[in-house]
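One chain comes next, on its own, written out as structure tokens in the form predicted alone.
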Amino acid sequence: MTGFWENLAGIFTNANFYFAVIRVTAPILFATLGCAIAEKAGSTNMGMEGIMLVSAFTGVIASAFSGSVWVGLIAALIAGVLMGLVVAYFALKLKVDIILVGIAVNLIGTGLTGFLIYVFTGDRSTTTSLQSGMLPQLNIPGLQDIPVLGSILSGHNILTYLSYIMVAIMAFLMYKTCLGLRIRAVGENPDAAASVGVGVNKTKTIALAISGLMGGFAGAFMSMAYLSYFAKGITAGRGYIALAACAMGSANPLGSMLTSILFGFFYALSTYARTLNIPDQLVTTLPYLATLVGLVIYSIKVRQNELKKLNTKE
């Protein structure tokens, strides 16, 4: 037992562990921000997992055939936006329940990418036979020379830094722009927004397109920064975790970042926990157990707030 606690302390005092936390948080953060802006517009983007899969695959294929990782990144982002618009078309134009649309997008993402892997590579699980490349890592001058802090914050992939910058961008968009005001108005009271001339469906479509863009970044990270190829099921449920993180963060950019870091912490811990002689089956469930616990805590908090409101009215 003493050895267990010593190993655990060793993990939490290891700078590489915190480097890993920042790294594995990035795709969850992108996806959570995407879910947040859709939620603010009153449109739950349940299809984030499928959007990430399609974007991740598209990025790898475009990168491999063009010979440029930047072309691959742009292709992944376009794929994400198009998938977001598909969700908007079926949910807003054809009036299909948006939850069902999201489930369909997830199923399509899983099935379509699995089929296309075989079409493009002849392999049934990965695209390792294709030379797709990886997006560059950045060593920040000055910061990288700082003991401990430099080894934690410097040397990350460019998309990792962008994911945290995107928190500020999304906060500015939501709370400091006319578009953000319309998105929040439509999400809170679409009838009132329509009465003052706001195009409800147009605004929701824009929000879902931006949500798809964030999913595109998340997917591109998985296959062009986290790994250098696409593998079947590469997202491993991160799209669903993003939905939980969005709910726990109240669809707020800062709250979304904090909850994403929480889940990133457990993802990193699930990797390092193998040194504690914990069974692999238990280790791999840590992020998902954290999701369940987080949702329970969030539900209790929401319930308490509702009771307070009722007591205030009485």
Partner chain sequence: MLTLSKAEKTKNTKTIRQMLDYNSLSVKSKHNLLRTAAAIGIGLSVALVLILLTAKNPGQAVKYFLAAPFMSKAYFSHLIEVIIPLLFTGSAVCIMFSANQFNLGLEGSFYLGGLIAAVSGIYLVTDVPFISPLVGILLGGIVGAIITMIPALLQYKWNANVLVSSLMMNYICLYVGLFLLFHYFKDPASSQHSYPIGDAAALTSFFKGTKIHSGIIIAALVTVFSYLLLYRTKTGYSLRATGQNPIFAKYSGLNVGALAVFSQIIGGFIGGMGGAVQMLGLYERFQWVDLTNFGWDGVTIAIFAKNNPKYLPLATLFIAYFRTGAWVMSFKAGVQIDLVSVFEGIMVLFLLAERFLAGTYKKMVFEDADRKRKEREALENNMDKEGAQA
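All of these numbers come straight from a predicted model, not from anything done at the bench. Positions refer to the first chain, counted from 1.
One more form of this protein exists, namely the form predicted together with its partner chain; it is left out here, but the text below deals with it.
**Student:** Within 4.5 Å, heavy atoms only, which of L85, L112, L149, I140 is in contact with its partner chain in the model of the complex?
**Tutor:** Flagged contact: L112.
**Student:** Looking at I158, L107, A168, I78, which has any heavy atom no more than 4.5 Å from its partner chain in the model of the complex?
**Tutor:** Exactly one residue meets the criterion: L107.
**Student:** Quick one: which of 131-139, 220-228, 91-99, 205-213 gets within 4.5 Å of its partner chain in the model of the complex, going by heavy atoms?
**Tutor:** Only one stretch passes the 4.5 Å heavy-atom test: 91-99.
**Student:** Considering only heavy atoms, tell me if V71 and its partner chain come within 4.5 Å of each other in the model of the complex.
**Tutor:** Looking in the model of the complex, residue contacts with its partner chain do not include V71, since no heavy atom lies within 4.5 Å.
**Student:** Might A247 be said to contact its partner chain in the model of the complex, defining contact as any heavy atom within 4.5 Å?
**Tutor:** Close contact exists here: in the model of the complex, A247 approaches its partner chain to within 4.5 Å, heavy atoms only.
**Student:** Taking 4.5 angstroms as the cut-off for heavy atoms, does A9 touch its partner chain in the model of the complex?
**Tutor:** Flag for A9 set to no.
**Student:** Can I37 be called a contact residue for its partner chain in the model of the complex at 4.5 Å between heavy atoms?
**Tutor:** Because no heavy atom of I37 falls inside 4.5 Å of its partner chain in the model of the complex, the answer is no.
**Student:** Who in 228-260 is close to its partner chain in the model of the complex, meaning a heavy atom within 4.5 Å?
**Tutor:** Those in contact are K232, A236, G237, Y240, I241, L243, A244, A247.
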